[in-house]
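Just the one chain here, the form predicted on its own, laid out as structure tokens.
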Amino acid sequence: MEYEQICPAIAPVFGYFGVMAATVLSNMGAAYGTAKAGVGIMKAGVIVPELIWKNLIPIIMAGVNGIYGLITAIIILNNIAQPNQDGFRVYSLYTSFGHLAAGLSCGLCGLASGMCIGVSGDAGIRSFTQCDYMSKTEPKGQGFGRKKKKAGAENVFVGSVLIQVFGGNLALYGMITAIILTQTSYDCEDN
């Protein structure tokens, strides 16, 4: 194959698109998850203010998605090769498409993860707060009793955290896939 076909001048653009996709999409997921869960926290804070600190878990988990995108972007950036001393381009289309795929993999998984964490976090926070509030305001002798209701609130909290953990794993899987994709490369000097 011809050198211009294997290592065109435009090849780094695809690598940089991968950097952008990893960073932007992962941080969009982090922002959405933070905003969605933040609405639930503020609503819950009006009802039971002492639960605000306990309900911050989805905010932290959503923020990790942005970190995954940043890590992937740094890995891709470090692998985008500059022309050598003779001015020959060494960064191939093969490598650049791998880097684009890595960025999209991490970014889209981070976006999906952030949406999952935000929606499940918001619903979990509201449910946990409602159960906790009901256990504190229910008159004694009615319903299932105080102990049963409090245990119900804790079970909702544990279930909510587990859902968010599995939702957060989606971003981790995307980052692992991205790291594997960045290991595939072809340098034009090898030819």
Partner chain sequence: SPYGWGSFGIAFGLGLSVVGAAWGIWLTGSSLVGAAVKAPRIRSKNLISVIFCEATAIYGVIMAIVLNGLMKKPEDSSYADGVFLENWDYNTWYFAGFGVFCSGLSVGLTNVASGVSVGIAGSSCALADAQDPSLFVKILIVEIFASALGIFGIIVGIIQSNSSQFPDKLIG
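Note that the coordinates shown come from a computational prediction; the quantities given were computed from them, not determined experimentally. Positions refer to the first chain, counted from 1.
Heads up, the form predicted together with the partner chain isn't pictured, but that's what we're talking about next.
Highlighted residues Gly98, Val119 and Gly152: none comes within 4.5 Å of the partner chain in the model of the complex, counting any heavy atom. In the model of the complex, no heavy atom of Thr177 sits within 4.5 Å of the partner chain. Although the partner is absent here, Ala123 sits far enough away that none of its heavy atoms falls within 4.5 Å of the partner chain in the model of the complex. The closest heavy atom approach of Leu162 to the partner chain in the model of the complex falls outside 4.5 Å. Using a 4.5 Å cutoff between non-hydrogen atoms, Thr129 does not count as a contact of the partner chain in the model of the complex. Applying a 4.5 Å heavy atom cutoff to the partner chain in the model of the complex picks out Ala31, Thr34, Ala35, Gly38, Val39, Ile41, Met42, Gly45, Val46, Pro49, Ile52, Trp53, Leu56, Ile59, Ile60, Gly63, Gly66, Ile67 from 31-69, in order along the sequence.
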